[in-house]
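Coming up is one lone chain in structure tokens, specifically the form predicted on its own.
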């Protein structure tokens, strides 16, 4: 750049994106809404690496020695805990946000590999229950579609206190996605924007939650595991209070977790990354002598087997995938580039889930778009994806000398950055230094 052009340098504070957003807000007078997860860079599982076995550890032979992946959830109080063949579940994504075809696809895929899927807000659909061998029913502040009969039909109940993309905030479903069926299930008017509540209407704290959990157990004859899902913020205390209230399972959702629609300011500026959230949740369970007695599920930006393995090594019992499952279904596929261009987007950049224009037929209620998704093919893709994750986790576990993926531990890893070392409390690679803990 010549001296005469130096004045063209972009401002760090008032970048082109910042200027564009200020001018949009001034023109429209309302906050920006979108789907997806945080786009900003945050320390993540990518900042950790495994220390494979060589001399000090003995690796397992990949094709001859077994490596267990099964996990049981809900062993604390439930009469009928959930037994999963793999430590990877499908996260809650509502019918309304997703098409009926997408919900069926997720159920088919999860069932094929022996794991569970989750209803999300808005109630239980026949497609989902009919094709999910193991289905977790989400019990949200909105109570949309909630009824005791569906609670009894479920295999577990997940009480949602918060979500990683918007801790402290409720979700949104714009009117164009509230068709006759969605409106009927949620007891809402058609074609009118709705905003889900940010807190439950009948309890205000952990003592009330304990009463609510008991009520849910009575409704379901103490058979169903009760999960408590929190958005990662004050994770240590939230995990402790969930255990005190009587949870069988705690679900912690980091800020990389996606959403169908909420304010952009929530997605980018509320909550903490998944990496420190896992460590805080595990520490809370250990301090209460409840680690492995109350199971921990981690979600928020899980993409591949390495992410799964690192979460397990830090002390999680299982992980949950949401956005990645939609991508496995065909979301953001380059094959649909021409279709994305018609709606002003491009594959790999499409996060306008709230608009209901998804060319892949996933995040839409438009019948012409939804029918593009074949639930049988979609289910096969999800199953293939989950199998691949499982194989990758087993590969890494065997490389560390483990015959069970749950035997992975923090000592099997090193951190590549000071930030990740501090957040995960794992030594910086090549040292014994954990920032804030050791000298």
Partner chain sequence: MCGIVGLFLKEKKLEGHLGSYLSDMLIEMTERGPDSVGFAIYDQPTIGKQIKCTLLNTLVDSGEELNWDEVRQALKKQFGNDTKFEEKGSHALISVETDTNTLNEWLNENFPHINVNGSGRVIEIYKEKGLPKDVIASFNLQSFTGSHALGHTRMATESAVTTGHSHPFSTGDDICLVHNGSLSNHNRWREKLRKEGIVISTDNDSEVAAAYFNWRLKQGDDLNTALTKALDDLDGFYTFAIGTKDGFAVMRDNIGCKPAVIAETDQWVAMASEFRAIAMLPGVENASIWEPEPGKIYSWHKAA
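Positions refer to the first chain, counted from 1. Just so you know, these numbers come straight off a predicted model, no measurement behind them.
Although it is not shown, the form predicted in complex with its partner chain is what the next lines describe.
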(Q) So if I measure heavy atom distances to its partner chain in the predicted complex, which of the stretches 86 to 94, 331 to 339, 241 to 249, 159 to 167 falls within 4.5 Å? (A) 241 to 249
Q. Does at least one non-hydrogen atom of residue 293 fall within 4.5 angstroms of its partner chain in the predicted complex?
A. no
Q) Counting only non-hydrogen atoms and a 4.5 angstroms cut-off, does residue 237 reach its partner chain in the predicted complex? A) yes
Q) Is residue 207 one of the residues lying within 4.5 Å of its partner chain in the predicted complex, judged by heavy atom distances? A) yes
(Q) Quick check on residue 199: any heavy atom within 4.5 Å of its partner chain in the predicted complex? (A) yes
